[in-house]
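Shown below, as structure tokens, is a lone chain in the form predicted alone; questions about how it binds or moves come after it.
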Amino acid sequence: MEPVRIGLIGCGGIAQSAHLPAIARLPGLVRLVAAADVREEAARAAAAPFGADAYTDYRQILARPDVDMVILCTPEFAHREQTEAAAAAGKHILSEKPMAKTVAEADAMIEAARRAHIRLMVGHSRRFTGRYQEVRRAIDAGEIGEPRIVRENERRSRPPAGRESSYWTPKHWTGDPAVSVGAVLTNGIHEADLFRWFAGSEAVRVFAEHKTTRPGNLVPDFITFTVNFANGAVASGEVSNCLPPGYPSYHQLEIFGTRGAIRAKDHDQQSLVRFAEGGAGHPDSYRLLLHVQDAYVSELAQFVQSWRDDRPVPLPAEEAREALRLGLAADESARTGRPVDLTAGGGSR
């Protein structure tokens, strides 16, 4: 078959670090034909290595008959508009997480895809990592019994000096309170999704606390939250985005079941650490993190293959919708200082 022709909408950090390399690794399956970004230089930089066309208006991509699908690498506040426009143009859609800014917008995206008979998937990439797929396999096989406690921690250092426009800072959209609620959706949405996946049940209650730890930041860069599930399981998570410089990116998962437990964490296999004035360096750490490129290659390949084979997408949009709802409920709890009951409609804004 001819490669599926892709239009990339949004050419920022996640496009450059994850989606463009994934496209490059699947030359027989997909081909980038167009890229769009409001910054012309970003669109050109993304398109040039593939011989693709560059635009500053994503609608120019949607108007092209030779585009089969689009990948949305834009912030969540843009997803509804772009999804509805892409669906109306008959383009299949792989969207970055979180799915949308509100649950109502997520519902509108699902309905737009249904009406247009196109496929919509939100790329919760950690479900496609080898590490977490092995954890899910062990749970499905009954190796630890019924999961009772799920813990997931994610820690990152703050941007180094000279990069004040990086994530979580006021000069970047993730740090702008007009469009971002901070850590709980920027990366805590991963924990919300994994909690549901590993607990195997729907969330019924969440309690959270958040904090802005770095002077000058305007949105919370730290959150801790605890989730109760309908089947009796409990999950807890902590996301820190502005730890001291030199602290390596770090994830740790622990699941305690009725018959056993699983633990997975970064850096256990590190054999070399470099120490300098700026902090400790782990040369191999990024490759071993959950952001490994294989996850993005896998999610793209499986998404494309699902429609070629006329099978359901590997991660239904409804799953991303529920992760969003849980994340928004955690944000509501942190802002109000009270637990949020999801069975009573909490998190549905």
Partner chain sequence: MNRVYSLGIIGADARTRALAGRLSPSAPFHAGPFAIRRWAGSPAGGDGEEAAAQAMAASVSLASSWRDALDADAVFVAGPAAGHAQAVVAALSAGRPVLCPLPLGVSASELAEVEAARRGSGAVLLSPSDLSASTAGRRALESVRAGELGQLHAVFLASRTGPAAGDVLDDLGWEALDFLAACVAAPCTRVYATGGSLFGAPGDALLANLRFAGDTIVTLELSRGLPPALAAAGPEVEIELAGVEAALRVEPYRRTVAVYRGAGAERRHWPARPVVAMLEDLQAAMEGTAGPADGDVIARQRAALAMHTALRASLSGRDVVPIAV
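Residue numbers count along the first chain shown, from 1. Just so you know, these numbers come straight off a predicted model, no measurement behind them.
Same protein, other form: the form predicted in complex with the partner chain, not shown, and the subject of what follows.
Proximity to the partner chain in the model of the complex, defined as a heavy atom within 4.5 Å, singles out one entry of A230, V234, A85, A264, which is V234. Think of it this way: in the model of the complex, the partner chain has a heavy atom of just one of Y167, W197, F128, F222 within 4.5 Å, and the residue is F222. Using a 4.5 angstroms threshold between heavy atoms, D176 stays clear of the partner chain in the model of the complex.
Taking non-hydrogen atoms only, R119 never approaches the partner chain to within 4.5 angstroms in the model of the complex. Taking the partner from the other structure, the partner chain in the model of the complex has no heavy atom within 4.5 Å of any heavy atom of A138. Shown alone here, T102 lies farther than 4.5 Å from the partner chain in the model of the complex, counting heavy atoms only. The stretch among 179-187, 234-242, 72-80, 129-137 whose residues place heavy atoms within 4.5 Å of the partner chain in the model of the complex is 234-242. Interface residues of 200-223, taken as those with a heavy atom within 4.5 Å of the partner chain in the model of the complex (partner not displayed): R205, F207, E209, H210, K211, T213, F222, in sequence order.
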